[in-house]
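Here you get one chain, nothing else, as structure tokens; it is the form predicted alone.
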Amino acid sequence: MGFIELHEVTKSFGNNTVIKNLSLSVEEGSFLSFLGGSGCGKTTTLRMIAGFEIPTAGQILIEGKDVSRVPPAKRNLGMVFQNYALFPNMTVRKNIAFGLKIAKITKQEIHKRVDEMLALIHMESYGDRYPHQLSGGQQQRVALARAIAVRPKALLLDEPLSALDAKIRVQLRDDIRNIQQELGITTIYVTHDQEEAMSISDRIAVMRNGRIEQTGTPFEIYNNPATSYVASFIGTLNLLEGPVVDAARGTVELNGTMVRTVSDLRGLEGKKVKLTVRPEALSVARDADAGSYPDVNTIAGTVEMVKFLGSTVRFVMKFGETFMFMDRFNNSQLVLPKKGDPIRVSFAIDACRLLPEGDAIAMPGSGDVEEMVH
């Protein structure tokens, strides 16, 4: 049994059902992220766990107790919002102490806990400052300290970093993860940022249209997507389409080139399928004879675009009418090809997988390349 459990939870607003029979188990001390695009239901789900929304149907359990209709104040959960929600007329110390005073903790214990929280967020010298004297990142640290000062059963965070600039987000997300691990507190985090979720979570629940498409570790979600939506939503994906010519050997014809996959193609003989390959799985082919490496696919095309992305360089190649992306680590010796140059790339057959069944994903065309490269 999980520390927090949702059993077939449904939430409707009038005739609009935004969460549909959602079930989930969160282990004690773990860090789970709800990841998805706008309107997928991730914040609504978090608000139901917090008690700010009541499920239309289903149960929410904390430590085995049904809290579906228990008020937020009686659930003993810490909540951190996107907009900090600090009291502008209170110092940092008083903001952190606010929940402790409500809980009628002794003054001595309050002083002790506030000192502990200031040390935890590395803001020992900021206790007497007011929110307007702090940066956005510092304000969010104070909001985090206030939430965990009351020693909640679990910590809930609703897109807490979305209002911060990129560099501060990276620093603060690492701080949140370090604090979570130091305290061992069960944490549920809402974000639309894939990199954010992948970098700090023990498990990720990818949501779409009020449902969970897949729950797993970041490694599982990225490398073994369960649905076509997860495959396309997480990271950049190359999609290759063609008919199965030898199901037993996993061979698919792509624009006259035979490509093999490790996926099971039994029953798909002669049918068109879509294969997926991640950009980082591709490399420039160095041997003219692809048969020298039986476990490697090799295809040829032309360079369409080269995009500098800082630590990586993205090559866009055109293979027939299909565009493919290849990512390489940037270095000062890297020779960049020009548009129209011929290029041959290779990738292992175990990096080439059948796209899971689900809603169709459009193949990128020439008008989509610029957008997809960003």
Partner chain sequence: MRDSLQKERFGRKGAASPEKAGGALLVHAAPRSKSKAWLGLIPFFVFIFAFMIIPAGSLLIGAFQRNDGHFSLVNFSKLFRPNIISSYVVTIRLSFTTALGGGLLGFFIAYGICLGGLPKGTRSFMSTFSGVASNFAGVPLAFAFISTLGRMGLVTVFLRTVLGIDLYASGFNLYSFWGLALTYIYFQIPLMVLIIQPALDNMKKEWREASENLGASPLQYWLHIGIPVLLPSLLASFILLFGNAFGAYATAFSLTGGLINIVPILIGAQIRGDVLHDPNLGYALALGMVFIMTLAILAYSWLQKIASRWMK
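Positions refer to the first chain, counted from 1. These numbers come from a predicted model, not from an experiment.
This next part talks about the form predicted in complex with its partner chain, which is not shown.
Met79 is the sole member of Met79, Val190, Met207, Val277 with a non-hydrogen atom within 4.5 Å of its partner chain in the predicted complex. Note on the partner interface in the predicted complex: the residue among Arg129, Lys101, Arg211, Lys271 having a heavy atom within 4.5 angstroms of its partner chain is Lys101.
Of the stretches 82 to 90, 120 to 128, 172 to 180, 257 to 265, only 82 to 90 has residues with a heavy atom within 4.5 Å of its partner chain in the predicted complex. Shown alone here, Arg146 lies within 4.5 Å of its partner chain in the predicted complex, counting heavy atoms only. At least one heavy atom of Pro72 is located within 4.5 Å of its partner chain in the predicted complex. In the predicted complex, its partner chain sits beyond 4.5 Å of every heavy atom of Lys318. The closest non-hydrogen atom of Val296 lies beyond 4.5 Å of its partner chain in the predicted complex. Contact here is defined as any heavy atom lying within 4.5 Å of its partner chain in the predicted complex, and by that definition not a single one of Tyr222, Leu309 and Arg314 is a contact residue.
Contacts to its partner chain in the predicted complex (heavy atom within 4.5 Å) from stretch 48 to 64: Phe52 only.
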